[in-house]
Every structure is written in C-alpha cells, then in structure tokens.
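Here we start with a single chain on its own, the form predicted alone, put down as structure tokens.
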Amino acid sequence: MDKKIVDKICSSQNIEYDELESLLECSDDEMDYLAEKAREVSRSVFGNRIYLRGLIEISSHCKNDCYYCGLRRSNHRAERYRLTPEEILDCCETGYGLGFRTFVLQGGEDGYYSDDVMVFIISEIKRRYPQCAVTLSLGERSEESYKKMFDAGADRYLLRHETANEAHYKKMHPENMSLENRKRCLFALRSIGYQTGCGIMVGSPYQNVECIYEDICFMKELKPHMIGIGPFVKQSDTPFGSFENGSVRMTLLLLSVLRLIFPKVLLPATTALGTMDPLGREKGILAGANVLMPNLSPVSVRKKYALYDNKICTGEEAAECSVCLERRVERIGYVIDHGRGDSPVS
C-alpha cells in the first residue's frame, strides 16, 4: 500500500474500492502512518478533547431475533431486566454529579418503553438538566414515534445499520427484519433533526471488503453525525456463537479511514474494543476516535446487558471511575471534555 493512497483519501475525503482493498492489507508501518493522519485530522477539528457520554442500558428485553445479539428474543439463557423511569432518572442524577452532560439511553426493542413512557423520561431529564443532551438508542420505531421523542427534547439517536449490503443483512437477521426499513429509520431520524448515528460490527460473519465499501458509501449518503464501529464479539448463546471474533487491528484501521473521510463526525472508541483489548479504547483514540461511553447503569444489571461474551461491566469502563479514565486519556496526550460535545456536522 502506497502512503500516497492515505494522502489522497485525506485530501479528497473519499475512497475507492481498490484503495480500501489495498488499505486492508497494509503493513504495520503503513497503518501507523494512516493513524497519524487520522489523529491530525481529528485534532484539527476537535483539538485533543475526548467527549464523555454516560451510558444507561435501560432494558435487556428485545422483540427481535438478530442472529448475533445476546439479547435476541430466542436466547432463553439471557437475564432480562428493565429499568423503571425512576431508576433511569436516578442514573442521570448520579451521572450529572460525576460531570456527565450527555446521557445515552440504550436498550433492546422493548414494548414497555412506549412513546408516552419515553416522552415522560426525556421531558423529565430535560426539565432537571436542561443543559444536558439526551441520546437514544432504542432500535427501529415509527417516524411518528421518533418525532414525539424529539419534540420531548431528545437530541441524538444511535441506530447501527449493521451492514448496507442486502445479502449480508439477510444473513444476520430473521426474515421479518429488512435493511430497507433500517435505512428508512435512519433517514427519518436525520430529517426530523436528530444528530444521527449509524455504524457496523467489524469482522461480523460473512462480511467482506465489498460489504465494508458499501457501508462507507451508505455513510456518505446519510451524512451521519456519529459513526459507531467496534469489533464483532460473539455471544455463545446465539447462532453466531461459533464464529471467530472480529479483529482489533481491522477496527482501528477502519476508525482511521472513517476519520479521514468524515473529519467532523463523532467517533467512539467502543466498549467492544475495550473488551477485545485492555488498551483498546486508548488505541481507538490514537486511531482517530474522540468519544468514550462509560457505563452509568446500576451495578446490579450491568452483567445482564450481555450483547456479547465477556463484555466489560465493572472497573474503569464504569462511570464511577471517570477519574481513572481521565488519567488513561491524559497518558496518551488527550483531555476529557465535560461539555455536551455536539457534532459539528451540519
């Protein structure tokens, strides 16, 4: 791989299929050069600031049966729970006291959280903490539902598209789910006014270079404010439990590529990356990421939100140890920004 490819991607904010194919086979030295360029781009937009989001995993119930997810409906070994509105608000109170100014409410597609319930929760968070941002990650809902939650004060919505390749999508999901509807949801969120996030699992079963290229093309069409990518980590009680985990190296490489193509996007160093590598989040930041999402969920439920095997759920990924996380970030030359950290994408 010629380093000129990296320079070309950096200047054009675009990538061709053959360039991506070449990048995915690059040497360690070439990957270091790619990461260096990604850091330069990230610092030119965000400085050396890393934004924190307080993650609240509100429910492990899900109506869907995605083949890769530990929360899938057919996984009878999953421990199910759901937080009450009062418990969610308690998490926000704790997080606010720790300095968090963005709360991410994430969960399976759980019918308990109707529009009325969500409107109450969002409105109450905004009433108590008007300067804070509310991010939702609750899967596919109707455009009307998204609009009600937005009008109640929700600012951002994360909905990984998982793959933009139709054949790949069908291999990862049951017949009642469709890529067409997933895309419809994302474009609806964007048009309503949410800061919108999409994303993929790197190294998911049946993924190939063509799939990843189509993902990037879809992202360019969507123009997301946030892109969440992490390595695929198997969950033993799913149909994909026998597959190999995704690659940390590939994830870091793609983080750098995405930073070059989308300079202003918010790019998390994910929990999955930290699960696969003890220094995964630091490596993610050094590859161009600029967001961390410590866990604000009650300690009693953290292990129950088992999307995949061996998910880190105690220790420095937890919000209570934000000082530990701050030190880790400072050791690699960055600082924690305790503001809302809004996306500069228009």
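Model, not experiment: these values are computed from the prediction. Position 1 is the first residue in the sequence shown; the rest follow in order.
Quick note: we don't show the form predicted in complex with 5'-deoxyadenosine (5AD), though the next part is all about it.
Relative to 5'-deoxyadenosine (5AD) in the predicted complex, residues 105, 133 and 155 are all farther than 4.5 Å at every heavy atom. Comment: 228-236 is the region of 228-236, 140-148, 185-193, 254-262 lying near 5'-deoxyadenosine (5AD) in the predicted complex, near meaning a non-hydrogen atom within 4.5 Å. Contact between residue 162 and 5'-deoxyadenosine (5AD) in the predicted complex is found at the 4.5 Å heavy atom cutoff. Contact between residue 56 and 5'-deoxyadenosine (5AD) in the predicted complex is not found at the 4.5 Å heavy atom cutoff. Among heavy atoms of residue 285, none comes within 4.5 Å of 5'-deoxyadenosine (5AD) in the predicted complex. The closest non-hydrogen atom of residue 69 lies within 4.5 Å of 5'-deoxyadenosine (5AD) in the predicted complex. Checked against 5'-deoxyadenosine (5AD) in the predicted complex, the candidates 291, 307, 38, 62 yield a single residue with a heavy atom inside 4.5 Å, and that residue is 307.
When 5'-deoxyadenosine (5AD) is considered in the predicted complex, only one residue from 266, 122, 201, 83 comes within 4.5 Å through any heavy atom, namely 201.
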